[in-house]
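Only one chain is shown below, in structure tokens, and it's the form predicted on its own.
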């Protein structure tokens, strides 16, 4: 989710052009920024941890003119935020510079190979291997060097490259990470998103996976990775700048809901090995012997992350057969910790800065428990203070209400649960592979759900006038019910309760009438018949019922008022596929009620105070 900008043309105010483009991409989130420009026979790099304004201040002291350059805003994935880890990165000769979005899965192997051949690395990033490969492969043609290099990369990337040997050329390439070209008169651009170039041109080439592009002031040529020229249709952009920042979506929340297939892939990427099994040892850095001897796990989190923790509890107990407690951080911090046995504490926090969760981590470490953090922000306080870190790779989330970060947290917890089961020999290899194969299929299942948005929108229109909702689920469906109710409260200001369906008779059923709809998580599984009984109890009291059910379930259609169908998956994975339609349902009700879905009243993105 970093930002890339590149320019080559007739204008020599390259600093201003690149900085302006990077500012248009600030909405994507970043922790550092930098530019590289071609000056005579040199590449000049300026980069800095912090904000674009900090880079801009530093550049104000520089006096150079150039007509070709690349710029970048970084959201750290490998290597903490720092000046040296910021992009662009240069090779040993400092004749080449590259900026990169994405994750290079095989960077460790490539780095070892390159170092064995004498290359010297300056940063701790995965990106730097790219520029050293280009240095090795350069034979007088920058495009050919890039094409040879990208064939050695595994993972996701969008890159832009400049060279002192071709000072009017920029070469780009993409695989599983966005890259576009903007076509101007006597000038051309590359960028990771359209807003960066919209002031200068509305003629856009959208690169596809496996494509590279070479731009000069007077040309833009697209190739496949084998060097064959491709003819691309030029897109004429009609969006305004704000819509372009949202990639054409009306709101950031909707954009982020639809990004979930990609963010799930990003969180899985590189963690499932070629043999089909999971290896997290290089990331977690908590000894395998410690993990094998665990007697108990405590998960601490707040808000939506707490509900993701409940999903993790079910997965860990199922796969690894270790008892798990899930604690709300703001409560956990005020209770004495019983420092008995081999215990691991898992702290889940999107920002890595949630005050109550940080205090809980410190309390756990004080009594000698190892702490595993699951944050989204690289270099955050939680990441720095934990004994081990398992990052989600959801990218920046602009909408205040968590959507893609929650599903990424679930995926990280599924990965950890399976890894732990593997270490402890609690799951047979054949059974484990089935669960891992299905885990890899989750992005495709989410895409199927998102394709049904019009049906969900129609239901939102039908139910937007109600002022109270009850969300009900059992076992694996319960965390989704809790999250569905929370989202509805956050985004629409409608009163909603999430509740265990089996506890409905212990109070909440007194609320039910024709003006109090209930939403049931009613997917196929062990408790399906029990859920059906709960639905019938609601219907007997004239309550309206929406069911989130499994494709092919015709029985439930006869019992409820409306059904949102989701694809079948293993029961342990149903929280992920059921929470996504509830996000959409909430989003559309918020829009119907003319509310600001990106910035709900009284809420902040991360809670850094008690």
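Residue numbers count along the first chain shown, from 1. Quantities reported herein were computed from a predicted structural model and do not represent experimental measurements.
There is another form of this protein, the form predicted in complex with ligand AGP, and it is not shown here; the text below is about that form.
- Stretch 487 to 495 is the contacting one of 257 to 265, 487 to 495, 210 to 218, 291 to 299, since its residues have non-hydrogen atoms within 4.5 Å of ligand AGP in the predicted bound form.
- With the partner omitted here, the residue from 192, 350, 360, 86 that has a non-hydrogen atom within 4.5 angstroms of ligand AGP in the predicted bound form is 350.
- Of the residues given (534, 380, 163, 304), 304 alone sits with a heavy atom within 4.5 Å of ligand AGP in the predicted bound form.
- Contact with ligand AGP in the predicted bound form, defined as a heavy atom within 4.5 Å, is made by none of 125, 131 and 156.
- In the predicted bound form, none of the heavy atoms of residue 398 sits within 4.5 Å of a heavy atom of ligand AGP.
- In the predicted bound form, at least one heavy atom of residue 409 sits within 4.5 Å of a heavy atom of ligand AGP.
- Shown alone here, residue 372 lies farther than 4.5 Å from ligand AGP in the predicted bound form, counting heavy atoms only.
- Although the partner is absent from this view, residue 402 contacts ligand AGP in the predicted bound form, with a non-hydrogen atom inside 4.5 angstroms.
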